[in-house]
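In structure tokens, the next block holds one chain alone, the form predicted alone.
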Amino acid sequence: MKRFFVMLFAALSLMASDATLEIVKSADNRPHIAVEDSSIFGNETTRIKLFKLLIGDLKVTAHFKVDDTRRFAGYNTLVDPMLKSNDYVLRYRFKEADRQQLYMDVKLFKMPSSRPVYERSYKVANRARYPFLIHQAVIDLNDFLGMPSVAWMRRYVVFSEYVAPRRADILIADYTLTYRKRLVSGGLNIFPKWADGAQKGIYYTRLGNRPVLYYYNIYTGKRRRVLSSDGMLVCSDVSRDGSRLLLTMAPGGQPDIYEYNLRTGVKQRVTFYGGIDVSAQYLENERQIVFVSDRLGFPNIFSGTIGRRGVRQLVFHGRNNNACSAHGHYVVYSSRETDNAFGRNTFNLYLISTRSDYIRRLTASGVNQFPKFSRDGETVMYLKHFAGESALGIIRLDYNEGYLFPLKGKRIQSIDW
């Protein structure tokens, strides 16, 4: 049981860098695209960083075969005929403006034509937000070509980061963790969770004499107390309309699942078990939930219905299935594959459906933990540790492709997308 709590509160050393590709299966009919740099901003180090982020975004869409050779061209010159073997050439230019503003221009050539078929310009008032210029440019390009949406790229990631003993701050970032902004500091602030689909606010737990759940508006910086409890208090999920929270609470010593109605202030206990029930997530109709429990003597994945006592076991393999995320009737969870008492074990991610016996393994090696569905359910974010290195992982479910952003130097307590 102690080991279970260690897994729940584990901290990994993380910080994002360039995207590398971890291909499970690749389609053969995707268009080829090459990229040309016309930037007149920054030094060579900065320009390489911008190029790598753009290339990474194009790869992560899973909609292109990307030529990652770095090429240069004047923004208004003809396309190099040597690139005619590609379906498209994307040319971009970063340029600076007054104060902190930064501009990005893009144009797309459909080969072998030398005339652009698409042009857009973007700007940000704060240069630190340059990753979102690139993300938005790729989202719009993707939409122009009629590809399935990758709008999730512009969403924030929120995470808690250990900065000192018994001190953890809460930050927001882009999905690569390149852009980072600190929201909450001072004290031990953990388990942040987005409060709404528009990402205007978060819930988080602040540990002190008693854990307190707070709501924090990321735009105004205002904080308000929601509730407190003895023992454990964590918000693990929020209903689609933002009116109800799934909480893990332990007022009597053992953690159970509760649903809290923000409009009425009524708290309803959902699970009634003498052991450990944690990390509940809403399923498709939001009357059913999926959660982690040690009812079998080890952490495993169960489902239940709010207002009813019965539960149903969802996973029938592994001896430590300690984290899960849900979208509709699908559940992704982390499962221990090995039993090494003296070294690091392998944890892989699996995808299942609550409607059938469907099961699919998503990772193949390393320690893969804390999976989170994107809001559209088509992408999974997770944390990976392998061969002494850590990474932020992205899995594009419809394309059977995974991407890793190497991480270093920071200790992440919890993450939400």
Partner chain sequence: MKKNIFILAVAAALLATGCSQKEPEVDMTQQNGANAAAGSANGAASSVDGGLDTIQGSVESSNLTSEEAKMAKIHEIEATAKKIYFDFDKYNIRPDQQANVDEDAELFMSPEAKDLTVKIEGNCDEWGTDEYNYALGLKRAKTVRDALALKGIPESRMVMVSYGESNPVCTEHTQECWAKNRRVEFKLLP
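These numbers were taken from a predicted model, which means no experiment stands behind them. Residue numbers count along the first chain shown, from 1.
Below: the form predicted in complex with its partner chain, not depicted.
In terms of contact with its partner chain in the predicted bound form, the residue from Tyr333, Phe191, Tyr130, Tyr175 that brings a heavy atom within 4.5 Å is Phe191. Site annotation in the predicted bound form: the residue of Tyr88, Tyr179, Tyr162, Tyr282 reaching within 4.5 Å of its partner chain with a heavy atom is Tyr162.
For the candidate spot formed by Tyr258, Ile289 and Gly377, no residue has a non-hydrogen atom within 4.5 angstroms of its partner chain in the predicted bound form. Using a 4.5 Å cutoff between non-hydrogen atoms, Asn320 counts as a contact of its partner chain in the predicted bound form. Contact check for Tyr382: every heavy atom lies farther than 4.5 Å from its partner chain in the predicted bound form. Gly328 falls outside the set of residues with a heavy atom inside 4.5 Å of its partner chain in the predicted bound form. The closest heavy atom approach of Phe347 to its partner chain in the predicted bound form falls within 4.5 Å. Picking from 364-372, 34-42, 48-56, 387-395 the stretch near its partner chain in the predicted bound form, with a 4.5 Å limit on heavy atoms, gives 364-372.
In the predicted bound form, Ser236, Thr248, Ala250, Gly252, Gly253, Gln254, Pro255 are the residues of 236-258 with at least one heavy atom within 4.5 Å of its partner chain, listed from first to last.
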